[in-house]
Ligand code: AMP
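Coming up is one lone chain in structure tokens, specifically the form predicted alone.
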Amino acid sequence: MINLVLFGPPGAGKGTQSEKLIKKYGFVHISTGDLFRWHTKNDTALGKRVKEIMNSGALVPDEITIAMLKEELDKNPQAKGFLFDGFPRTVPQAEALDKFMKDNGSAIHFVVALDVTEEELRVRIAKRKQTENRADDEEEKLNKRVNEYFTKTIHVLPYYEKQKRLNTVHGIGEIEEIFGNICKVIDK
């Protein structure tokens, strides 16, 4: 089993690369953004709480995020591996994920951080907003999310770097080239 965290700011290409990695390696994809959207769309108890928090542009508290992730991991006991997209966003989440994986006889093997400039992120998200019209891509919410990433979330990287699990991949360029560079990390 190989477990991977795909890390990067909003618009870095995590969703695009996740699709390609799932096809190649058979990962079960766990995207906190997708989980949040599913729970809010289906008006679950967690979804109601998430919707209120997401509408303000803030990050969803760890206990809610972790509860959703545990539920997803428990649904897939025979998985070949998990690809975590958009999680962890804080060091306590990273620690909780490590503990949860260890308790289940596994670990996070690789952390791939997609390195993309803020200017490029804004260009990509403007294009995505036109095609997908995601509510979380509205300018005010986007500004909060990008600011959260560059002031708070990015501090998770040293946690993994100290453990020699962090791999940075240049996230600007051709999709296939970026994908190839991520595969090199996994296949080494």
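Model, not experiment: these values are computed from the prediction. Residue numbers here begin at 1 and follow the sequence given.
One more form of this protein exists, namely the form predicted in complex with this ligand; it is left out here, but the text below deals with it.
Among heavy atoms of residue 124, none comes within 4.5 Å of this ligand in the predicted complex. Shown alone here, residue 160 lies farther than 4.5 Å from this ligand in the predicted complex, counting heavy atoms only. Interface residue remark: residue 36 is counted as part of the site for this ligand in the predicted complex, having a heavy atom within 4.5 Å. Among heavy atoms of residue 28, none comes within 4.5 Å of this ligand in the predicted complex. Taking the partner from elsewhere, every residue among 57, 60 and 65 has a non-hydrogen atom within 4.5 angstroms of this ligand in the predicted complex. Judged by heavy atoms within 4.5 Å of this ligand in the predicted complex, the contact stretch among the candidates 83-91, 100-108, 70-78, 114-122 is 83-91. Contacts between stretch 161-175 and this ligand, counted in the predicted complex as any heavy atom lying within 4.5 Å, involve no residue at all.
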